[in-house]
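Just so you know, structure 1 and structure 2 below are the same protein chain in two forms, each on its own as structure tokens.
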Structure 1
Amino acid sequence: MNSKKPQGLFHLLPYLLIGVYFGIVFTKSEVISWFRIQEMFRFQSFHMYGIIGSAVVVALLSVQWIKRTNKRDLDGEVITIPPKEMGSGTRYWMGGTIFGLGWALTGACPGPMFALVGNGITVMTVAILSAVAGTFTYGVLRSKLPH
């Protein structure tokens, strides 16, 4: 019983390290900068497009390799990635547009919001709390929204 808990926490260590790695990459590549997001939406630099584009290419090649070779994860489970349900598609373009409005205003998607707090822009904690409130509001209204 007691021996299980430390092991559980130990399991989390790789995720902590990946997070630290992300925070460094986000900061050093300036994707957490409101200015960079503005530059992207004004089509005035290739920087953000290059980052997102090359991230997708690397992820795409490796995900296809994982799927084709039926790779297993470290726990020995076959890796499965559930497909996203299209439905009417409304949730994707409508939710996506709402997200985009917020992305351009805050200049940060959820990951970078947290990296900014680490960078000392502590006022972003307010944006994070607002984002939690937004997610909560979605949960409340979910059954009434077209999906």
Structure 2
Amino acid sequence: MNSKKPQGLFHLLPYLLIGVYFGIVFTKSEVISWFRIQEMFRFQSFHMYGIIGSAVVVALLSVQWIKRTNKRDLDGEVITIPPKEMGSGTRYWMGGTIFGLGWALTGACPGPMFALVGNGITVMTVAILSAVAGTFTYGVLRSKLPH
């Protein structure tokens, strides 16, 4: 049992500020632009591929840093990242295809959807609620699906 006293919501303020910062970065780099996303899916521009590639490199380095330095979470527990079990890989290409179709249809992936709402594109709340509903549905059906 954790003996730390509850800190209220104030200790989450840095994460809120980081989220606002990323929203500004997404807006200024045009990651939330429907036109940029369409260019990417039509292979007309390197812009989004460069941003995604940069994010993959940063994520790879960050995960390796977390693993090698035994970083801790907010509760002081060591962060553990279990190895992936690839299996046949079917779930990855199927999930990726569904994710990509949703991305192409809405013109936004999950992170930028919140930035779009913050920029006044309130219709994206429909996409966010749909993503939440899809995640909930998966949670309900997970035990019945092949893994």
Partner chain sequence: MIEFISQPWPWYVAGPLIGIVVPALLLLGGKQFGISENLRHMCAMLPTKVEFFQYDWKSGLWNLTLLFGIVIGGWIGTNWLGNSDPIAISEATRIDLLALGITDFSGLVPSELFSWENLSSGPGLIFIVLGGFLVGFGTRYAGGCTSGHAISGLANLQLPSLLAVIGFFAGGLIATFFLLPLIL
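Residue indices: 1-based, along structure 1. The term rigid core refers to the most C-alpha atoms you can superpose between the two forms while keeping them within 1.5 Å. Computed from a predicted structure; not experimentally measured.
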* Mark the structure, either 1 or 2, that is the form predicted on its own. => 2
* Asked: Once you line up the core, how about residue 28: does its CA shift reach 2 Å between structure 1 and structure 2?
  -> no
* To do: Spell out whether the Cα of residue 101 moves at least 2 Å between structure 1 and structure 2 when the two forms are superposed on their rigid core.
  => no
* What angle, to the whole degree, separates the smaller rigid part's two positions between structure 1 and structure 2 once the larger part is lined up on its C-alpha atoms? -> 17
* Check the Cα of residue 68 between structure 1 and structure 2 on a core superposition and give its shift in Å. => 5.2
